[in-house]
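A lone chain, given as structure tokens: the form predicted alone.
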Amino acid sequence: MPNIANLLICLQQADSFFPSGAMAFSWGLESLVKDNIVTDIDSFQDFLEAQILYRWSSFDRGIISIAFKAGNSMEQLASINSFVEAMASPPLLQEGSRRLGRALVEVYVKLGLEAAKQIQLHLARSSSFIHLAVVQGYLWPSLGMDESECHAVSAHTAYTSIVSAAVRLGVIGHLDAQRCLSRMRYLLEKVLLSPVPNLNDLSCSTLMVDIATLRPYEQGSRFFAN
């Protein structure tokens, strides 16, 4: 018998209606669209799978697990966050992770989550920042989510925000978006059933995306934050 309460909690966090700010980011897709590298559903599917396999699965998933196991230790949380900062990719993607991490903390503070208030106080004292995957792994257990649920919701929010960006950029339509999401569900099932990578094995390199986000565009010409 599934835990219905936990299922509803997960659905709430994963809903695009949840004000996480993720829909303001394309994670490099906009740059590749402008460069005519991603132009249709097939090239977009390749991009989406690369983001999940070589960025989320190979890095964020491991960070979520480490943060999940940190308990209530702000010292461990700061250490994990410093590691993410050192490993983070180009400035636009790095800043996106910071902004979403901060936004998620602020949302949960307003929702009255005590663990989020502790992070906010720590950030205020240290004049620091926090990355998205660290926040997800640290705060979601406070809602009653187990580790596998944290992984599933994080991955879902990552790829649905990218698919949403593709629709808004005109690369795919709404039906193609659903086809992409269905394909990702089967791929993600295999990913989530595989062992979580260890700290020393984490990597977050998608070279084509990294290079594309480093290219300058005219000021104000971006639709998304990255």
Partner chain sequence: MVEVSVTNHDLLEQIYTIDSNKLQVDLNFERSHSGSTFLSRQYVSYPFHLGRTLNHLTPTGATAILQSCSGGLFEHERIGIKIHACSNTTAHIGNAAATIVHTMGNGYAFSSAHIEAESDAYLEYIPNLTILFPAARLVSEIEVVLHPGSIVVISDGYLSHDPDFSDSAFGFLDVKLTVYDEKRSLLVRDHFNIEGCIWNRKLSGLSGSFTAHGNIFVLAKDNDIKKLKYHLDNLITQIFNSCLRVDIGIGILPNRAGIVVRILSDGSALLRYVLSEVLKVLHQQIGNQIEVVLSS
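Residue numbers count along the first chain shown, from 1. Because the structure is a prediction, the values reported are computed rather than measured.
Below: the form predicted in complex with its partner chain, not depicted.
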| query | Going by heavy atoms within 4.5 Å, which of 100-108, 118-126, 84-92, 142-150 lines up against its partner chain in the predicted complex? | reply | 84-92
| field | Contact test, all of Val38, Phe47 and Leu207, partner its partner chain in the predicted complex, heavy atom 4.5 Å | value | yes
| task | Answer with yes or no whether Leu32 is in contact with its partner chain in the predicted complex, where contact means some heavy atom within 4.5 Å. | result | yes
| Does its partner chain get within 4.5 angstroms of any non-hydrogen atom of Ala70 in the predicted complex? | yes
| query | Would Gln12 count as a contact of its partner chain in the predicted complex, using a 4.5 angstroms cut-off between non-hydrogen atoms? | reply | no
| query | Ser203: heavy atom within 4.5 Å of its partner chain in the predicted complex? | reply | yes
| message | Within 4.5 Å, heavy atoms only, which of Ala165, Ile66, Met184, Ala158 is in contact with its partner chain in the predicted complex? | response | Ile66
